[in-house]
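The chain below stands alone and is given as structure tokens, in the form predicted alone.
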């Protein structure tokens, strides 16, 4: 019996009806954006745009109404995400909060935490960042050392987090810290906290990536005091919480659509200058894209049924990252254009940006080595 479940999923009529409304909204709202801006979609930060999406009811789409949600299906949410990425919408201001921080609180947070936080996310008003990786740990989350110590009136946090997207803009962080140490169980003793980023003792230092963006950060904690009610769920259960959270992070269409703008530009270019080689290459790319989409839709269907597709999401993330990373090289091999980040054509600038950006795609959400180790365990090979 296969360790993986990828059942064919077809979108229901209500999801396809929603697609038309979403497409029309993006067509109007994003008409001013350049191809280069669209290529930076899920790192494009625009609080006003996130509020506009929220006003349409497209953030917190699946959440309970009592928390500001709209109680629609995971498949309808999938359509919104898919259209946003293809359109190149600047979704970064709500992306992390809606994708994983909100669902984490729904699953493990207290009623007080849910009522305090979720309505603000659903309105597009709260920006979240994720504090997992540490300077000496990378994707090996079990090796985290940043301590959270109990105090008389709460917790005292120290240490550092790294590669923390949007920490410089965030209102809150979901942070993973070590609350106890057991040498025989590295995954034990980890706990998650809801951290107001304005709390004294937090310092955010930018990390500039290859294209020159500063959305990554190092976040340093020096005797940061939190109240008892900032603990998410039960002390020591952080590992299980993070595992569930990463399933949300790895299961969406962003795991194969991050480079979609170069594919769209390539198709337009080859339509104007067709060749047999180009036709074959685009056909192969579209076949891979269709397969990844079918697999990703299957994950959305599993989430809709209340299942945890953590293993399947790992497979899609690994395969999707490989697809995203090959697109700029294939485009450059088919079109005789040199990348030019400043003064070239739209395609030259998009190509230049993505050539610099795609190496990071196999780091975010778990490195390729970590993902393949998870897959190997799922297959019983480790």
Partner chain sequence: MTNEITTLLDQTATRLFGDLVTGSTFSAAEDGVWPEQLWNALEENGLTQPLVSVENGGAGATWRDSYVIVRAAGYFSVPVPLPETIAAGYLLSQSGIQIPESPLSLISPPEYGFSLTKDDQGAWRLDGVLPRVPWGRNVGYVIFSYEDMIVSVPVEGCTINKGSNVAGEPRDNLTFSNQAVEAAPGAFSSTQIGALIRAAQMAGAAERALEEAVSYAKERVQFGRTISKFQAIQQNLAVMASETAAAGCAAEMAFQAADYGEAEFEIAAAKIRNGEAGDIVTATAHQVLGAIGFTREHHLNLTTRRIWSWRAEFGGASSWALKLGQATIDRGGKNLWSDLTARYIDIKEYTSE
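Note that this is a predicted model, so its numbers are computed, not measured. Residue numbers count along the first chain shown, from 1.
In what follows, reference is made to the form predicted together with the partner chain, a form of this protein that is not presented.
- Proximity of residue 283 to the partner chain in the predicted complex: non-hydrogen atoms within 4.5 Å are present.
- Heavy atoms of residue 279 reach within 4.5 Å of the partner chain in the predicted complex, making it an interface residue.
- At least one heavy atom of residue 27 is located within 4.5 Å of the partner chain in the predicted complex.
- In the predicted complex, residue 363 stays away from the partner chain, with no heavy atom inside 4.5 Å.
- The candidate spot formed by 263, 301 and 375 is fully in contact with the partner chain in the predicted complex: every one of the three has a heavy atom within 4.5 Å.
- Here is the short version: of 294, 220, 156, 106, the single residue with a heavy atom within 4.5 Å of the partner chain in the predicted complex is 294.
- Of the listed positions (111, 268, 71, 214), a single one reaches within 4.5 angstroms of the partner chain by any non-hydrogen atom in the predicted complex, namely 268.
- With the partner chain omitted here, the record of contacts in the predicted complex names 79-87 of 79-87, 190-198, 126-134, 234-242, defined by a heavy atom within 4.5 Å.
- For the stretch 14-41, the set of residues having any non-hydrogen atom within 4.5 angstroms of the partner chain in the predicted complex comprises 16, 19, 27, in sequence order.
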